[in-house]
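One chain comes next, on its own, written out as structure tokens in the form predicted on its own.
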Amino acid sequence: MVARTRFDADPCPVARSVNAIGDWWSLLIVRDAFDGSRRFGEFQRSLGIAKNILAARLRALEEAGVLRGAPAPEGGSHREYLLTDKGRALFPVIVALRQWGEGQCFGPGEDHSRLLDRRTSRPLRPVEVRAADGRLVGPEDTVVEKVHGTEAGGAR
């Protein structure tokens, strides 16, 4: 088996994020956790993923601090997987991927799921990237700044 390239020490926040999340299975596990899945069997049924792959991805997400395993409330040998604060911080990423997929990956009239505001039952507004002053910004409006040491600021 080919060893996976690691980006633990890469200076790029995108590379480190991909390193922490791992792969598409991990993103789908996080998606399902936001949708209420908590147990191994729930993830397995939803995703149709092989048990050994799911176990490895859950373990990696725990090690990355995205999920934490806990005993099920009713006891027994069952465990639940709960989003940590670090995992919950992925919500805008999941929403952005969902919205991008809705706009770019489906044909007109093709069935797909929608994310709705629980209070209003309406779709969310599109995720937007804004400058500190509130302006909408696109790729042409940004520049990457290399940050050294303890400086705060840009990204690669």
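So that there is no doubt, residue numbering starts at 1 and follows the sequence shown. All values derive from a computational prediction rather than experimental measurement.
Missing here is the form predicted together with a further copy of the same chain; even so, the following discussion is about that form.
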Item to check | in the predicted bound form, the one of 59, 51, 112, 68 near a further copy of the same chain [non-hydrogen atom within 4.5 angstroms] | outcome: 112
Next on the checklist: Just checking whether residue 39 would be counted as a contact of a further copy of the same chain in the predicted bound form - the rule being heavy atoms within 4.5 angstroms.
Outcome noted: no
Checklist entry - Does a further copy of the same chain get within 4.5 angstroms of any non-hydrogen atom of residue 79 in the predicted bound form? => result no
Item to check | Heavy atom of residue 35 within 4.5 Å of a further copy of the same chain in the predicted bound form | outcome: yes
Item to check | Exercise: residue 55 in contact with a further copy of the same chain in the predicted bound form, heavy atom 4.5 Å | outcome: no
Item to check | Contact set, 98 to 130 vs a further copy of the same chain in the predicted bound form - heavy atom within 4.5 angstroms | outcome: 98, 100, 101, 102, 104, 105, 106, 110, 111, 112, 113, 114, 115, 116, 117, 118, 119, 120, 122, 123, 124, 125, 127, 128, 129, 130
